[in-house]
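A single chain comes next, written as structure tokens; it is the form predicted alone.
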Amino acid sequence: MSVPSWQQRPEDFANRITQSLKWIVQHMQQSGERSPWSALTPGELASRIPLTAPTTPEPLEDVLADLRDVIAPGLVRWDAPGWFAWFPSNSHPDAILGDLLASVMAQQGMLWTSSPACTELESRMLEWLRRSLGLCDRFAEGGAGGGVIQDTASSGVLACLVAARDRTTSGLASTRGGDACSGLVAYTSEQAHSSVLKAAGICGIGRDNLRLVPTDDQFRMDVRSLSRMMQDDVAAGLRPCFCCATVGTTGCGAIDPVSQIGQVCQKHDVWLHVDAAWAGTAAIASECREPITSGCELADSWSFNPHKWMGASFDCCCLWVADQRPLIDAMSIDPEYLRNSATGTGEVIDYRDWHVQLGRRFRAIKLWLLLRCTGAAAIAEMVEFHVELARSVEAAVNAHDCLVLAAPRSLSLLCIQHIDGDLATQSLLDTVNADGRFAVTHCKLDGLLVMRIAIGALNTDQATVDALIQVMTEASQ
């Protein structure tokens, strides 16, 4: 029986999956066979793709050949054993399978009614992870708070900043806008992620009204400075409404003193959000947990990205709130076409009210697959292994006459400088990247260039780290 040209029979799809599997397996096997960085020049890939789409179907064999010859050379291999740049962006095979299943099921999880499975599995996966990480009960499923999956930590901080803005203005910022935001101020450290600054601009508070709090000698938010800044703003007639503490800053992995920050925020009724995008995964390992979750009982919201170190595949950000009501009040819109009897009872969660977007992917399914088929214990073992690898790099740096750590090692992240200054550090960074086996990036601390080494890719092993140490130390003689 023939089918319309726009449809495909399940058995034909199965054949395409079988054809694609060979490419998928080869791609995974070849993660370390070339430089993690792409060698393409700007526009080179686009020049090999026609300007117009085909009007008739092309054989999958031809498409897969172009995937190999045209697309793959432009891929940056975040899965390479020598990937030490930025942070890991792991896609564990079990999570990949979850993504495939989510696509097949084609759920739209904006309302409980639009997908009970999407909604209730998500709530339970957030509870599984809350318990696995050791987060406090105020974020528990079924209480005043709860959890939601955002796409990224950037969306999470924006959602919480909007909720904090509306809590401080009793909702006037959402309904009236403009002058209702006048006088609002927010706070984060000088080392915080740029998403906080972006969110301040988007939500109407304004980037000029985000206070960048100085840091201490370990690049953590200085609590005394935070307290003084809030007091000065209150004295000037301004309204502090939001503070973002970072657990694992992007530059050097600094962990802000959340407990002390929380006490300052409570004094001024300021929403405290904790951004643990990268480092949050480490709490799944009991030996790493204490500095990661410390102070969470004082936070209004807490988030981390399983799509980084944990391996849940991009995109997946877990956000918990201690009180869901300010978030829902700020985000909820109730058009006629979304009204339904389940929502009317007030007994279900409609996650469209927990963030900016309406439409939602079935992201919880990949967490379900990852946690059931790989297990939390294996993820904890991976974290501990990567931390141990970082310790071996730390030992090599400490034993070298020309290399120093620009900041204390944070879990599996190191920041390294050459004692001869920026030019020597840049030369070291360039040499490591030019080797072909490694990818590293940089940041600046105290105005000086540092080379960042972020260990966390699923395929990284001791041999790769030993090779990195050799190249790095020989280049610094």
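Keep in mind that this is a model prediction, so the values were computed, not measured. Residues carry their position along the shown sequence, with the first being 1.
Not pictured, yet referred to below: the form predicted together with a small molecule.
Trainee: Quick one: which of 152-160, 129-137, 380-388, 319-327 gets within 4.5 Å of the small molecule in the predicted complex, going by heavy atoms?
Mentor: Contact-bearing stretch, as computed: 152-160.
Trainee: Find the only residue in Cys241, Ala277, Leu210, Met230 having a heavy atom within 4.5 Å of the small molecule in the predicted complex.
Mentor: Checked against the cut-off, the match is Ala277.
Trainee: Consider the chain as shown here, without its partner, and state which of Arg220, Arg360, His193, Arg77 has a heavy atom within 4.5 Å of the small molecule in the predicted complex.
Mentor: Selected option: His193.
Trainee: Within a 4.5 Å heavy atom cut-off, is His307 in contact with the small molecule in the predicted complex?
Mentor: Yes.
Trainee: So, Gly311 and the small molecule: in the predicted complex, are they within 4.5 Å at any heavy atom pair?
Mentor: It does not: once the small molecule is placed as it appears in the predicted complex, Gly311 has no heavy atom within 4.5 Å of it.
Trainee: Going by a heavy atom distance of 4.5 Å, is Tyr351 a contact of the small molecule in the predicted complex?
Mentor: No, no contact at 4.5 Å.
Trainee: Phe87: heavy atom within 4.5 Å of the small molecule in the predicted complex?
Mentor: Looking in the predicted complex, residue contacts with the small molecule include Phe87, since a heavy atom lies within 4.5 Å.
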